[in-house]
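Both blocks below hold the same protein chain, though in two forms, and each is given as structure tokens: structure 1 and structure 2.
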Structure 1
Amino acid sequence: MSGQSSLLKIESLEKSYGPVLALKNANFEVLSGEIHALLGANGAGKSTLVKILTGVISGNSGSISLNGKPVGFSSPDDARKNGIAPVFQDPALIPDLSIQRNLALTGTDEKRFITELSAMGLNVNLNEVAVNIELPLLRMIDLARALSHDPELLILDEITAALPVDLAEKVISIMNSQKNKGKSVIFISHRLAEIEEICDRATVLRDGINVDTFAASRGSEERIVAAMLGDKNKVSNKLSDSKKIDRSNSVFLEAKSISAGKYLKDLSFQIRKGEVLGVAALEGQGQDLLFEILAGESKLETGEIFVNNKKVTLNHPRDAISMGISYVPGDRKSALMPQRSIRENLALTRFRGISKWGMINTKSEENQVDDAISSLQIDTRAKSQVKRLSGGNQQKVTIGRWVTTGFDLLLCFDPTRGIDVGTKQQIYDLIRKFADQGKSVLLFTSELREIQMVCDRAIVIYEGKVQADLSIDLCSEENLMNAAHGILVAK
């Protein structure tokens, strides 16, 4: 390691947004030929650091040097010219332009791009408009485009999140081959297993300061988590105390042969009262559509849904809500009103019917909102606009809205995506608490580990059907992964 030269060196970098210090005194070094993990809980300053490195914003003070020369990037284009190429969770391709015109926009060589893409075993029609391409493939296209510029430093920001396993593996092999060429990679991921497996070193940020840098290897998970959390409550990865027993309660909701869209074909399952039912599937198996159908947001083409043994028709989210079905969508942005206060966000459902359009009962509203804030431990320092909250607190607000409203079944779509470990644990606890109160939760998660931690039972969707219905003791990551790939699981 000592033989490697320093490629990128950041010294006492500082960045503030108004009164909020996002980065204070961050120091960070990437050696050439190194895969370096950048870790930190939400709000630790990771994304600010990445934005500065890629020229999206600039820091207030501190220095960045590349190959020993001080640099400062005025724009993403500038950063790219200096050999830094980022790939973000949301691909930076223009939706309405064809791939070809997208490549022309960044001055990417078409032949080189095709070579890079086919090296991944993928191909795409260059005349295809980006908006028509599925997200996982689009991310790989973005990656191939970045590689075509022969970057000295590749920055991968959460790109393996919700990526199918085969593609995630390709990303990892690309990182390795970059390393072998003597190039460097900064890898950001919430999946600690990946980091242990492939990264050389890891730097952990907390509250805008780098708190720990160490060689990553198997077993560094504890050190990472400890560094991320600091003196905050230690999080156990073990199950919470409430024991998962298959309560032979009555069925709350039953879906019979649901078909819709390209993906869902003849899908059936049941969820009982007081049960947390996990849903596992590779990306793009129609799980998002399934949740939207149950929430009344999308229509089903054929099939039936029964709630408490009565057939129901869900044409609008309001219908689902009146059945006691509440939906926490995967994308927090689609559930929140960013410019309004926590209070208005939490109390929104109170006014859903025209009969509630009259005068607001301030007292009862305040009580309800206060209850939700305290029971969910929402950090209310930035109350006036929820867009100022951290991701984890925003997610608590989306769940809290339903706590104030009351529900029988909570549909949670990947509620912990991009959320720090501490908040994750709080959300798991909350879900278990709901179950203890006799409520049902349908939980989709892209982190299979979570299923074993919070669910009572899990179904795995593959090719639009339920491929496996597993009791909790069979929900090992291996079993779930096998089923998600269509392999039968031995009972």
Structure 2
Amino acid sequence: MSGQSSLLKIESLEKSYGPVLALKNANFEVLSGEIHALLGANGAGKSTLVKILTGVISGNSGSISLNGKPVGFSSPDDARKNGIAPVFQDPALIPDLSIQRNLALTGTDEKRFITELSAMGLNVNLNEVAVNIELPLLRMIDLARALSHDPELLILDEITAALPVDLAEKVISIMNSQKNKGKSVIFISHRLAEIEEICDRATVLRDGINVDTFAASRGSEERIVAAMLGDKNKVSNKLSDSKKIDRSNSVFLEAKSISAGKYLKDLSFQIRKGEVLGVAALEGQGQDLLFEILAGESKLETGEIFVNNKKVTLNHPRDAISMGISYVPGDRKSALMPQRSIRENLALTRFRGISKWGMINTKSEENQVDDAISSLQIDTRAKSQVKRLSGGNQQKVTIGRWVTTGFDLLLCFDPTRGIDVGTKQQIYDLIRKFADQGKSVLLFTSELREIQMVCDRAIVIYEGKVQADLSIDLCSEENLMNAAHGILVAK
């Protein structure tokens, strides 16, 4: 990319958290007018680097220069004033405050914000409290707020992971617009197809060190994976040797004409024992409410749910759990006790099984927790607090607690969102293992190609109803997308 000047240059950057070295002599450069991918497995140091760049934390050593001048940011506001605006992996809005008050906290001009959001084809009531807004819209609000500051460098950390296809396409358009204006974007994503399509160059971190920088282009996926994971790890594109469902197996759960709120309207489906049933849908079609109803977190208004051919009522999560239904929500942070240890989080659902008269059998607890850590390959270097784990390891903990408890149906809502390819593969393998054991898995994913890789069958939800029920051989991305837009799929 000759002729382009250096906008950002990082040299020999290091950062440690006690005994854990997150960045080791890391080097990174972004040119003016480029979209640069920052890649790496969970725990490689990407989030740490972004936090240093945006003034959230300080590095222990190393240098940062912007437009050739040395800089160091003492706060996010300091970074914004220097032309760096991030959209972090998790929403940066304070949940209990209105959007208007959240904008005021970052000195964001309301008119400029509304203009940016309107350009995306979106709108929001500024008096709405952030906690009442769905995650995909929150991500777009974060993006509009960042763009309102007219940054020279926009940092997008896994923004598309929480978005349906239509909103992800809007983000891609915005990135290209920034590039066309001569501005730069750092783009962090585990969706390798996006990297190949959008980015000019890619830098890969592994164990806190940059191991490769190269031009991103079609066919570079293999090089990316090799750099991220090293030669000792191989990731397959399909689970071709996994067991497929015997369609004669009995039904575990059936929903008949269920409706709730403004999203679910007369939805019906079945899931069999030993089946991985995929769910595909664009944003706002009722898929999140469906999972919450099955988990006992939201109430059904009309319709019926049957478990093992018996009508059931799911008024509380404990009702679902007692029937063998466990839930892994899309927001893993809401499912964890962030200040507590891995052991405490994994053992949380096992209290009754390892206690008598209120006394916990610590030996039994340790054995079950150790088994879950081993089977899920959870990194325990930061075991004292779950919040210090990488996103992938946090997700393993949310799944692992149900491994220790036991279940018949696992509800997985976008479980691989924001997770590196190696950890995704481990979760795919685990899901298939559950099915081979005769357990059922209901899997919603925003990454449609996962359905072909993991599932036995898929339903597509459109306007609160099942638009299509497809055998796995019909679950191409084209068919899934057509059904998600209300177009009938030929069988």
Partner chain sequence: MNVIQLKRQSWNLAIILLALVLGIWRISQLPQFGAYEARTFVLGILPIALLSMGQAIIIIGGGINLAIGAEAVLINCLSARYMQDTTFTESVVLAIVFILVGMLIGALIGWIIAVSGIADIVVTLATSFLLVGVAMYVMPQPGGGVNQQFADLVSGKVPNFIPPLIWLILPIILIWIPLYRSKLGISMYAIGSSKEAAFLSGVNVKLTKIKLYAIGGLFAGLSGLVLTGITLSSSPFANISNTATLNSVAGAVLGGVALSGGVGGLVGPALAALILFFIPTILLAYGIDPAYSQIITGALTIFVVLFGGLLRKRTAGKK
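Each form is matched to the other, and the largest set of C-alpha atoms that superpose within 1.5 Å is called the rigid core. Treat the numbers as computed from the prediction; the structure is a model and nothing was measured. Residue indices: 1-based, along structure 1.
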{"item": "Number assigned to the form predicted together with its partner chain in this pair", "value": "1"}
{"item": "Core-aligned C-alpha movement of Pro95 between structure 1 and structure 2 reaching 2 Å", "value": "yes"}
{"item": "Threshold 2 Å Cα movement between structure 1 and structure 2 at Met140, rigid core reference", "value": "yes"}
{"item": "Post core alignment: Asp266 C-alpha displaced by 2 Å or more between structure 1 and structure 2", "value": "no"}
{"item": "Angstrom shift of the Cα atom of Ser118 between structure 1 and structure 2 (superposition on rigid core)", "value": "3.6"}
{"item": "Displacement in Å of the C-alpha of Asn127 between structure 1 and structure 2, rigid core kept as reference", "value": "5.2"}
